[in-house]
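Shown below, as structure tokens, is a lone chain in the form predicted alone; questions about how it binds or moves come after it.
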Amino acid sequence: MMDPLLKAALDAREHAYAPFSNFKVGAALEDLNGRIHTGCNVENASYGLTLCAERVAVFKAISEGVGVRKFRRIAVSADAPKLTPPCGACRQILWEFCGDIEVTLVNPRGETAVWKMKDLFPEPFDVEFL
């Protein structure tokens, strides 16, 4: 039986709007209360206004009242030859809003890899240190 977080990420990927890259990504973010907040990438013709699935999930959770650093883990799904970790911008957002959470990468073939944010983003910019 598949972990509900991984299934939510795979399902969220199906909602992605990616007419330019055809690279659909889904994310599912679990808060400390066990609720799952999903996101998918949403592209824009100007490219720079595109939002990644991870950021959509984080911003959605925050807008629904989940506090900063009140998250347990995130799953990110993409269908690529290699498992696809979050981009640099998403790593900064994940660190700032979620802290050192578990990050699980998954693809439709069921392959997975698990990381901690500190391993994906070893020297983050953190306003707590300024």
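Throughout, we count residues from 1 along the sequence that is shown. Predicted model only: the values in this text are computed from it and were never measured.
Only in words, not in the display: the form predicted in complex with ligand THU, which the text now covers.
Inset, instruction - May I ask you to decide between open and blocked for this site, after superimposing the site C-alphas so that ligand THU adopts its pose in the model of the complex, counting ligand atoms within 2.4 Å of backbone or C-beta atoms with 3 as the threshold? - result: Result: open.
Inset, instruction - Select, from the options 29-37, 96-104, 63-71, 81-89, the stretch whose residues sit within 4.5 angstroms of ligand THU in the model of the complex by heavy atom distance. - result: Of the options, only 81-89 has residues within 4.5 Å of the partner.
Inset, instruction - Decide whether Val25 counts as a contact residue for ligand THU in the model of the complex under a heavy atom distance cut-off of 4.5 Å. - result: Result yes; Val25 sits at the interface with ligand THU in the model of the complex.
Legend entry - is_contact(Ser21, ligand THU) in the model of the complex, heavy atom dist at most 4.5 Å: Output for Ser21 is yes: heavy atoms within 4.5 Å of ligand THU.
Inset, instruction - Evaluate Ala53 for contact with ligand THU in the model of the complex, applying a 4.5 angstroms cut-off between non-hydrogen atoms, and reply yes or no. - result: Ala53: yes, in contact with ligand THU in the model of the complex.
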